[in-house]
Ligand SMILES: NC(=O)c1ccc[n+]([C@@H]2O[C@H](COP(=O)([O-])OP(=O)(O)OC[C@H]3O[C@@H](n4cnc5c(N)ncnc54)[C@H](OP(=O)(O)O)[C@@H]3O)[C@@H](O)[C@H]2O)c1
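As C-alpha cells, one chain now follows by itself in the form predicted alone.
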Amino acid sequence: MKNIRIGIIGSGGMASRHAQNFSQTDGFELIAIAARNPETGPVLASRHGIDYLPTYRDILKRDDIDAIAICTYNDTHGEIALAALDANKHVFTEYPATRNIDEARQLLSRIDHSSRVLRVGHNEVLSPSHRALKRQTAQTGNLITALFTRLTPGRGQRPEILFNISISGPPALFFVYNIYPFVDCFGPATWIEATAHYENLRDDSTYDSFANSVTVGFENGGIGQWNWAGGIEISQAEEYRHIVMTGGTLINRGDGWCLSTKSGERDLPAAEPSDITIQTQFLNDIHNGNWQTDARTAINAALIGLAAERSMEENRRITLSELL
C-alpha cells in the first residue's frame, strides 16, 4: 500500500508537532510545509528536508500531495478545509472545525458527499477514559443534566491569540474540546443560550480575563452546561465534571470517572489503552472509511460555540435549526 503524501499548513508549535508525528508515522510521507510566516515556515521545512510554500493555496495545487494537516489559527480552519476538500485532498484539521456558521453548514454537506476524509483532531475518540465514559452513559439511563466548570489563572503561551475573540472565537469555541465529549455521548444540541463577561474588552477584540456560561438542550433530551473563567485570580486551575442520569451520576474530580448512586460510588475502569494515535486514525480513515460520525460530532460541537456567540450578541436563545 503506497504512502499517503501529506503537507502541513502552518509553522507554529502545533505545526511542528504534527510535522514530527506525521513524519514518524508509517504510511505517511511528509512532502511540504505551507506557511505565511517567511521566517518560521522555511525553518520548519528545512528541518524536515522538504519544500516550503508561502500560501496554503500553493500546497493545494500540488499533484504530489494527497492530504493536508491544518495547523493554523482558528479563524482559518474552515476556509482551508473546504478549499482542500474541493481540491480533492484528505483533510486533518486542528479543532475547532470552523470559526464560521456558513462554513459549518458547508462542511456538514461535504461529509455527506465528499470522497475525501475530514478528520478533526479531537483525541477523545482514542482516550480510554472517554471511551469508558461513553460506554457507561449508554448503560445508565437518560440524561438529566451534564455540568462542566473550569477555573484557570492561565492565559496560555500566546495570550494575544488565545484571548482574541476574532481569531480564536469565544471561550465556548476555543475550549471546544470540553464540549466535544458531551456531544459525543449525547448527540447534538437543539438550542443554546449563553452569556459572557470580558474584563477590559478592547476594540481589537482582545481582553484580559473572561467568564463564560453556555447552556444547551440536547436533541435526545437533557440539558448541558459549561462554565469557564480564565485569566482570573486563583492559585491553581480547578475543573469539575458531573453527568446526572436517571440511573446514576457520573463524576470526574480530575482522577477519572466514577459512578455515584444512592448506594455508593464505584470507579469506572478505563477502556483498554490503544496504540493508535490521531495520525494513524487519520490513516485508517483514508484507507477504511467510517470517519463521518466523528466529523459530524466535531462540527456539532463547534456549532455550540458558534451559536453561543450569536446568543451573546443577540441576547436570546438560539436554535440550531435557524442556523442550519
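Being a predicted model, the structure only gives us computed values, none of them experimental. All residue numbers refer to positions in the sequence shown, first residue = 1.
Here the subject shifts to the form predicted together with the ligand, a form of this protein not shown in this document.
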Worksheet entry | in the model of the complex, the residue from 193, 103, 94, 184 that sits within 4.5 Å of the ligand by heavy atoms | 94
Fill in: Contacting member of 87, 244, 111, 162, with respect to the ligand in the model of the complex [4.5 Å, heavy atom]
162
Worksheet item: Does residue 261 reach the ligand in the model of the complex, with heavy atoms at most 4.5 Å apart?
Response: no
Worksheet item: Hey, in the model of the complex, does residue 74 get a heavy atom within 4.5 angstroms of the ligand?
Response: yes
Worksheet item: Are any of the heavy atoms in residue 36 no more than 4.5 Å from a heavy atom of the ligand in the model of the complex?
Response: yes
Discussion item. Using a 4.5 angstroms cut-off on non-hydrogen atoms, would residue 10 count as touching the ligand in the model of the complex?
Written reply: yes
Fill in: Proximity to the ligand in the model of the complex (heavy atom, within 4.5 Å), stretch among 141-149, 211-219, 76-84, 126-134
76-84
Discussion item. If you apply a 4.5 angstroms heavy atom cut-off, which residues in 190-208 are near the ligand in the model of the complex?
Written reply: none
